[in-house]
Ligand SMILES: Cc1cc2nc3c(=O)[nH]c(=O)nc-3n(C[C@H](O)[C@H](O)[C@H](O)COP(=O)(O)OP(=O)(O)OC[C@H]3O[C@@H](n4cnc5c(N)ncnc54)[C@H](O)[C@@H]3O)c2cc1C
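Only one chain is given next, in structure tokens, and it is the form predicted on its own.
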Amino acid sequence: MIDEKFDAIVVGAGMAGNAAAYTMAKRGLKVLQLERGEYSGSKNVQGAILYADMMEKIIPDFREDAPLERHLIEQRFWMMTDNSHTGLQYRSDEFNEESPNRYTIIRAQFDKWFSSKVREAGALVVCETTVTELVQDAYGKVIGVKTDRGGGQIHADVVVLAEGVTGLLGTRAGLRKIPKPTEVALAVKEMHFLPQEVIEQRFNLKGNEGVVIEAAGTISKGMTGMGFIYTNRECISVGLGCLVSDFQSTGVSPYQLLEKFKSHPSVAPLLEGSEVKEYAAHLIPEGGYKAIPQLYGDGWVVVGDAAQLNNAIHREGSNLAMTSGRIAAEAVFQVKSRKDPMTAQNLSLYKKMLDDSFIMKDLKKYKDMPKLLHIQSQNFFLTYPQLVNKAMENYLRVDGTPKKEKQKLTMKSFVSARSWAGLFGDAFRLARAWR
């Protein structure tokens, strides 16, 4: 296929892969990037959130021509039952700053733009090409790849695995294990198109302002999962995701959950009259710190979703992907600059740099949260949302019942649903995992 040897081969052209390829090419390395899709982003029709600070560290002037949708000025959190929600929200005009902190994006458009920057930086980007195998020498060191295009092997000093959470290259080569169903979530998403002025009216926005809504409760039928709504310029991204293990054990269809979420009385008016043009399913790493595999070895590093680098507790993924790709590229460049071989010992610099970043510090801090939410999913995603919403209904309904009796009824409902010992136990475990 390609006879020449490269300094680095990047497998994948998502956030992590593009960040790695761009950073290395910008520093003068000879980079080949291979993507199985028709173009970068062709498999990502969904909306997402872009974290500007992390993007600025890669392309400082990205705002000049990147396809950004809306900058976020408001965040809403909903605790839902079948017919109500109790909400917490934060909105600030401070986010209407000259260089906003967060944006909604449409991945198909943004990834394609990011890939164009990778090309401009000097990398060779080849799409519609599936990497079928990692090439290893007699000692197990990764020295290149094979693809479905035939033509033999393509060699490089190092291979950057940015193949996503379902990538099989690393597992086939014995470099990492296949993620467990308890470590991966399946999210289903739709794009609902509406006129720009309608979106702004329904969400109380003006200009390019945006809102994100994240929701948990009975919408996931007691499974570990959340729903979300993102506002774009002329469409709304709406979706819901739960752990794959929960879908397996319950037999519930992801599509059924999404339909239930969309028809909720708090959601349906926001989507009324919209036209659905895109539907997609996407796997998301949810295992947290304890699920992170070996991140480097002789001739290879792994980044982004393939490395389980996703902060499920704070719903942050793209910033970890971009940052891990950039850090891996910087580590490779440092090793290359010293004219050292791409051994596991030398590439351990990547892990050290990652440990010093916000990525590992955040993931390590909340390392017990994913397991706690999974084990206690019936409580956190079913029982407690129902209790909170019932308490709010009792508090706000004025029907002649003395307030003291209402308080007793509310407390009784909590006790009947779960013992006080259980409630305090869950609260203690949650606080301990959060600290």
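The first residue of the sequence shown is number 1, and the count goes up from there. Given the structure is predicted, the values throughout are model-derived calculations rather than measurements.
Here the subject shifts to the form predicted in complex with this ligand, a form of this protein not shown in this document.
Residues with any non-hydrogen atom within 4.5 angstroms of this ligand in the model of the complex fall in just one of 203-211, 156-164, 216-224, 347-355: 156-164. The listed set 44, 376, 383, 389 contains one residue whose heavy atoms approach this ligand in the model of the complex to within 4.5 Å, identified as 44. This chain appears without its partner; in the model of the complex, the one residue of 317, 100, 254, 287 with a heavy atom within 4.5 Å of this ligand is 317. By the criterion of a heavy atom within 4.5 Å, residue 321 is counted among the residues contacting this ligand in the model of the complex.
Among heavy atoms of residue 228, some come within 4.5 Å of this ligand in the model of the complex. Residue contact check for residue 30: none of its heavy atoms lie within 4.5 Å of this ligand in the model of the complex. Using a 4.5 angstroms threshold between heavy atoms, residue 51 counts as touching this ligand in the model of the complex. Along 15-31, these residues reach a heavy atom to within 4.5 Å of this ligand in the model of the complex: 15, 16, 17.
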